[in-house]
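Quick heads-up: it's one chain on its own, the form predicted alone, in structure tokens.
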């Protein structure tokens, strides 16, 4: 699928997350000391900060959660999204605790509700002029 929309910024801190998505694996950052999970924060907010990154590791997450908040977009803020209107962008509270923002797919915008259980679905896209696919993690509703 050709892709003519902006893509998320990939940097040294979040590159393992995007590499995981390419493998269709949803990763979160977890503290080795206390077990709390974060996304995209690269340090534990509950533990002492030394060493800064040494206590964190990328681990597979369930990819399940609930809609915490959402917005129905009826105006395309980028021309590439015009053919998807209306679409829903939501903040997902993952089962592991962190929040993750993404699009809700697989249902009509009027069906989306706060607290709705969702799961990650992977979307491989190929940016125009790029040979390698880029993977996005949308969510779709699932039974409670």
Partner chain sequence: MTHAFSGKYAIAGMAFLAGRFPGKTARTLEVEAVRLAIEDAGLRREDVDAAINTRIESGSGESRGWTDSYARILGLPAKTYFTVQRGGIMTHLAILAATQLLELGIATYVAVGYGATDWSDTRGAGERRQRHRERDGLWGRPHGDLAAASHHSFFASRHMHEFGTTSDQLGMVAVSHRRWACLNPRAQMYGRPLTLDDYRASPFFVEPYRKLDLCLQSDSGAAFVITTMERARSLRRPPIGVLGLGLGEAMRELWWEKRNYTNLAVATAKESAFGQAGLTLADVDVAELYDCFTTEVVLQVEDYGWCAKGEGGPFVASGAIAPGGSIPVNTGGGLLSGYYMADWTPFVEAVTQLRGDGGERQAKDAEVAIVSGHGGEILRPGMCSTHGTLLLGRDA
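Keep in mind it's a predicted model, so treat the numbers as computed, not measured. Numbering follows the first chain given and starts at 1.
Another form exists, predicted in complex with its partner chain; not displayed. Remarks below refer to it.
Considering its partner chain in the predicted bound form, which of 35, 48, 60, 101 comes within 4.5 Å of it through any heavy atom? That would be 101.
Evaluate residue 142 for contact with its partner chain in the predicted bound form, applying a 4.5 angstroms cut-off between non-hydrogen atoms, and reply yes or no. Residue 142 lies outside the contact set for its partner chain.
Hey, in the predicted bound form, is residue 90 touching its partner chain, heavy atoms inside 4.5 Å? Judged by the heavy-atom cut-off of 4.5 Å, residue 90 is in contact with its partner chain in the predicted bound form.
Any non-hydrogen atom of residue 40 within 4.5 angstroms of its partner chain in the predicted bound form: Within the cut-off, so yes.
Residue 97 near its partner chain in the predicted bound form, any heavy atom under 4.5 Å? Residue 97 belongs to the contact set for its partner chain.
Which residues from 59 to 91 come close to its partner chain in the predicted bound form, meaning a heavy atom within 4.5 Å? 68, 69, 70, 71, 72, 73, 74, 75, 77, 78, 81, 87, 89, 90, 91 sit within 4.5 Å of the partner.
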